[in-house]
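Shown here is one chain on its own, the form predicted alone, set out as structure tokens.
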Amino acid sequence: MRKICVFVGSRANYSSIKSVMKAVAEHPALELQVVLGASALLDRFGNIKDLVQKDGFRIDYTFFNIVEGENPVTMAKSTGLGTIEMAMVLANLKPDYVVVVGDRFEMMAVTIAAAYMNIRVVHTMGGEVTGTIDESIRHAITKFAHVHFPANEDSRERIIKMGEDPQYVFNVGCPRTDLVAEELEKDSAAELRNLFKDHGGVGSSFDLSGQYLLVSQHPVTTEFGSNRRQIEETLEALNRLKLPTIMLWPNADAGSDDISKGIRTFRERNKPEWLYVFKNLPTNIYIHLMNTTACLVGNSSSGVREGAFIGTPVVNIGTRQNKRLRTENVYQADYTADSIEEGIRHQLAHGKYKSDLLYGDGKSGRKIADILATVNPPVQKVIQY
């Protein structure tokens, strides 16, 4: 039986790989191993340990590696600690394959540990072009990885152009779309009925059957020092519109503290009755918010990926996702309040878009598990020239 180790480093990571974990656990030829680390274990970023166990998965190991500070120095240190911790975990678990997701710094740590230990690396969501340090990490992981599961054909072709063997590059779609397809079979209004009661947060609740905005803006690590100003421009645009708004807390990347301070200061000074802030939300709840919001604002990849499948009107701000392959549901804005306001008004006037399968058809997990049961790349990679 092949042992497949999946590393989960955040709530977003979990939504990106949950369907694969389920398919691997159910596959007769595979054994699932689960490791949690980084912000996945921190309460202020959404500790998911209980959630993963509630979903029926056994957690084999956990480790803490996030250094406080949310700046470039602590990101580098956290990556180093993650490499040390994951080496110990892999020495004990002895998996045949290690699955890493996307492009975050904790994934780089896991990849390096596995590569030096001659453990084959499986990479999902590789080959995409976005911007920021995430792009460099994503392509670096591609060069370490033995098996590639890009989310679309454009990404598959780019991975092959990078010298990877085509027989180990599979366009399977985005596993996050699997969860979306599953959730959209439910009634969003019913799923959100107790949103404000059940999930905490601060602000004045409002009727979700009306028009409202959903905001998810994370720091741009290569623009460290500018994130406070960037979130202030977003908040200024929102304050002009004064539409009921749900805003989510930023992730753990360098600059997170600046965004958090910007949100807190704005709330204290303006006391906006239209704003409700959540620290974090379960993935299924977030999907139903995307399905019912009038517009998703910010720079989360969910607007590009899940947004395409759902048809969510999106205003993407700045450089964090500006080069990622997208469908017509995404309006690109710069960091000024004027541009953001213009984008929101444009999307409000347009309304919901048609669903697009650019990032998959909702069956990626099963495809990945079936391939992992039979694929057999050499440990020593051979670049295709």
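Numbers follow the displayed sequence, beginning with 1. Since the model is a prediction, treat every value here as computed from it, not as a measurement.
There is also a form predicted in complex with another copy of the chain; it is not shown, and the following applies to it.
Colleague: Here the chain is shown alone; which of Phe196, Phe170, Trp274, Phe144 has a heavy atom within 4.5 Å of another copy of the chain in the model of the complex?
Modeller: Selected option: Phe144.
Colleague: Work out which of Asp96, Glu183, Asp257, Glu233 lies within 4.5 Å of another copy of the chain in the model of the complex, going by heavy atoms.
Modeller: When another copy of the chain is considered in the model of the complex, the option within 4.5 Å is Asp257.
Colleague: Please state whether all three residues Leu51, Glu153 and Thr327 have a non-hydrogen atom within 4.5 angstroms of another copy of the chain in the model of the complex.
Modeller: Result no, not one residue of the spot touches another copy of the chain.
Colleague: Is Phe105 close enough to touch another copy of the chain in the model of the complex, meaning at least one heavy atom pair within 4.5 Å?
Modeller: Contact with another copy of the chain, yes.
Colleague: Does the 4.5 Å heavy atom contact test between Gly69 and another copy of the chain in the model of the complex come out positive?
Modeller: Yes.
Colleague: How about Thr222: is it within 4.5 Å of another copy of the chain in the model of the complex, going by heavy atoms?
Modeller: Thr222: contacts another copy of the chain in the model of the complex.
Colleague: In the model of the complex, does Glu135 come within 4.5 Å of another copy of the chain, counting heavy atoms only?
Modeller: So Glu135 counts as contacting another copy of the chain.
Colleague: Using a 4.5 Å heavy atom cut-off, indicate which stretch of 86-94, 172-180, 238-246, 187-195 touches another copy of the chain in the model of the complex.
Modeller: Partner-contacting stretch among the options: 86-94.
Colleague: Since the partner is left out here, which residues of 101-120 would have a heavy atom within 4.5 Å of another copy of the chain in the model of the complex?
Modeller: Phe105, Met108, Ile112, Ala113, Ala115, Tyr116, Met117, Asn118, in sequence order.
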